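In the form predicted alone, a lone chain appears below as structure tokens.
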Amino acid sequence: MVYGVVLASGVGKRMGADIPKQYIEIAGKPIIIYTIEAMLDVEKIDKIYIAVSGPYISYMKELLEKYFDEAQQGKMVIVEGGNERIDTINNVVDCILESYETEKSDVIIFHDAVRPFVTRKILEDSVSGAVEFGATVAGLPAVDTMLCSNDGKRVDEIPDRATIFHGQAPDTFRLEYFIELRNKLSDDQKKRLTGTSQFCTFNNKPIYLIEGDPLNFKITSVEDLRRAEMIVNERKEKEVI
């Protein structure tokens, strides 16, 4: 089984909107719906778990009923997110373990709800990479010179750009391996957790890179939202033509 996980329990305060950014509409459709559609487009993904904060569970159910047919909804499970990222991840994994007899070949994909333009190739490569290596993350080579500063005022180091990559999502794992990594995290590491890639780095285990895509950007600002609207409108124009 391949389990897709859409992480959507964040608030997204930087956007300055009245609702979490994943529910903001682009061309009349919430961002999270585009993300779910991208996962549905990959036949390898058997189930899609959508982790949302408690107050938005009912709203998420309404969105699924509005945008997807019964067969598509049958592939989806809404899970309540936790206070911290690790809590949300645990809720999803525990839900999977309670529902299925897992196998060594099972794969779990963690993806941000606000990366709606993830490609089929990225998702498929992530699954294949996780089966082969145990853990993968999408990334792109850095094109700008990167500056390291300990105080934000003075440049302390300029790393070799050839060794620097912009991390994207998804982070994908063999499920059994992921659970093993999760169980080894210390309480301090759990508090410092900001992304699922750290399940590997905190355990001194490798996570392998797969090629990302410039369109697979994370919508975190008003400028990102404008860019996303342009992409959707351009795609709609091409469909008409």
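Numbers for residues come from their place in the sequence shown, where the first is 1. Keep in mind the model is a prediction, meaning the values are calculated, not measured.
A second form of this protein, the form predicted in complex with a further copy of the same chain, is not displayed here; the remarks below concern that form.
- Comment: a further copy of the same chain is not present in this chain, but in the model of the complex one of 99, 73, 145, 83 has a heavy atom within 4.5 Å of it, namely 145.
- With a further copy of the same chain left out of view, the stretch that reaches within 4.5 Å of it through heavy atoms in the model of the complex is, among 153 to 161, 124 to 132, 73 to 81, 101 to 109, 153 to 161.
- a further copy of the same chain is not drawn, but in the model of the complex it has no heavy atom within 4.5 Å of residue 64.
- Although the partner is absent here, residue 53 sits far enough away that none of its heavy atoms falls within 4.5 Å of a further copy of the same chain in the model of the complex.
- In the model of the complex, a further copy of the same chain stays beyond 4.5 Å of every heavy atom belonging to residue 89.
- Although the partner is absent from this view, residue 117 stays clear of a further copy of the same chain in the model of the complex, with no non-hydrogen atom inside 4.5 angstroms.
- Heavy atoms of no residue among 28, 68 and 176 are located within 4.5 Å of a further copy of the same chain in the model of the complex.
- Heavy atoms closer than or equal to 4.5 Å to a further copy of the same chain in the model of the complex belong, across 192 to 215, to the residues 197, 201, 206, 207, 208, 209, ordered by sequence position.
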